[in-house]
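Single chain ahead, written as C-alpha cells, the form predicted alone.
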Amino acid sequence: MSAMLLPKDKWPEFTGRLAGKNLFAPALQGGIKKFAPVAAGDTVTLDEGNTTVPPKALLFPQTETLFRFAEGEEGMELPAIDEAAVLLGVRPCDARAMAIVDKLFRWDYEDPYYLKRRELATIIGLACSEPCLNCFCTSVGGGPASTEGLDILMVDLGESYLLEGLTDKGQALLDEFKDLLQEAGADALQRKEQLAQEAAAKIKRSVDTAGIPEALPGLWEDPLWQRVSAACLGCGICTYLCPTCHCFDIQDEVEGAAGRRCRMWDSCMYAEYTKHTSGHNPRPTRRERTRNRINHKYSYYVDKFGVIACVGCGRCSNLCPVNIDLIDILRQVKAAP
C-alpha cells in the first residue's frame, strides 16, 4: 500500500473527479451537518468537527424498502443495490463504528442490504486534529488517526493532504489519481505521527473502561440506574445519532393493491420498543431502558463480539437535550460497590 501527497491546489480537481463516482461528503443541510451527495462543480470543505448524523445512514438508511409486492403478481420486487459510492471525510470514530457494526450484520444471518452497500462503498477518512469537547475515542480503543474501517486515511499536513492506502479498494482509488499525487516521504509520515499524538493529547475527557463489561451484570438493581435516568425525556436522540446503534423495526405498508416491506431505525429508549402483544413491557420505565442501553454497548456486545459497541464520538452527550453524560454514567458504574 502506498502513501501519497495531494497538494491542496489540486483539491478542487480531486473532488471534482471523485464526484463522478457517486461522492458523499459532509455538508450543512437545514442546519444539520450530515453526509450529502456531491455534484460536479460543488465545493467540498472538510471543516473540523464531526457530522451530526453519522455516515452509517448511507449504509443503513433511516428508512429503506426491503421488497415490493402487488396483488395478482407472483414473487416480489427487490431493490437494486448496485451503485458504488465514495464517502469522503469520514472521521476515524465513525469508520471504526462501521467495523463494529459489520460484526452484527455478518453474525448469524448476513444482511444483504447493509453488506452490499458496505462492499460498494470506499471510505476515505480524515484524521482529527481538533477533537470535540466530549470525545473520548482513546478510552474505547480508537484514536484521532485510527484506521479501522477505512480504505484510505487522509491527514491534513497544512500545504497538502497525506493519503494512505489501507485496503486494495483504497489503493485502487489512489492509483486512479496518480497524476495528481506525489510520493510521500519519511518526513510526511513522521509529521502524520506527530499530529496524531498532538490530537490525542487534546482529548480532555476519558474513562477507564477496564472491568466495566464484567461489573455491569452485578449492578442490575443498583440505584444508579434511577439516578442517571431521572432527567431522560425518552427522545431517543442518543441512539438515533449513535454511529453504532443498529436497532430497527420492520413494517408492511399497503396502498391499494400494492405495498412494500420496509425497515426503519428504532430505539431501545422508546417504551413501545419492547412492548409485547399481551401489553406486558419488560422495560416499563426509562430506568430499565437506560440500563439496557448501557449494558448493550458495554456488556452484551462485548460478550457476543468481543468489542465495546461505542467509539467515544461524544454525540450522545453533545446532543442530549437534558445534558445526560455518558462518561458520567460510566464513571458511576466504575465507582459502584
Partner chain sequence: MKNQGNPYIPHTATIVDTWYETGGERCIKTFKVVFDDPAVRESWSHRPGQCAMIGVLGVGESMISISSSPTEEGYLRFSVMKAGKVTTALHQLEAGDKMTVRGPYGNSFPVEEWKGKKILTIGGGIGQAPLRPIVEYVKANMKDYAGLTMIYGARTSGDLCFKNEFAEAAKCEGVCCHLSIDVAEEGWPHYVGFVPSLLMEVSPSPENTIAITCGPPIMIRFVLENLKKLNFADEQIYTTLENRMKCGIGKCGRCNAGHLYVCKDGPVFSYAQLKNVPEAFA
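Remember, it's a predicted structure, so these values are computed and weren't measured experimentally. Residue numbers count along the first chain shown, from 1.
Quick note: we don't show the form predicted together with its partner chain, though the next part is all about it.
When contacts are judged by a 4.5 Å heavy atom cut-off, D47 does not count as touching its partner chain in the model of the complex. Using a 4.5 angstroms threshold between heavy atoms, R283 counts as touching its partner chain in the model of the complex.
Contact between T52 and its partner chain in the model of the complex is not found at the 4.5 Å heavy atom cutoff.
Taking the partner from the other structure, its partner chain in the model of the complex has a heavy atom within 4.5 Å of a heavy atom of S278. Residue-level contacts in the model of the complex: of L224, L189, L157, L78, one residue has a heavy atom within 4.5 Å of its partner chain, and it is L78.
Shown alone, this chain has one stretch from 132 to 140, 149 to 157, 169 to 177, 251 to 259 that lies within 4.5 Å of its partner chain in the model of the complex by heavy atoms: 251 to 259. Taking a 4.5 Å heavy atom cutoff to its partner chain in the model of the complex, the contacting residues in 294 to 331 are H296, Y300, D303, K304.
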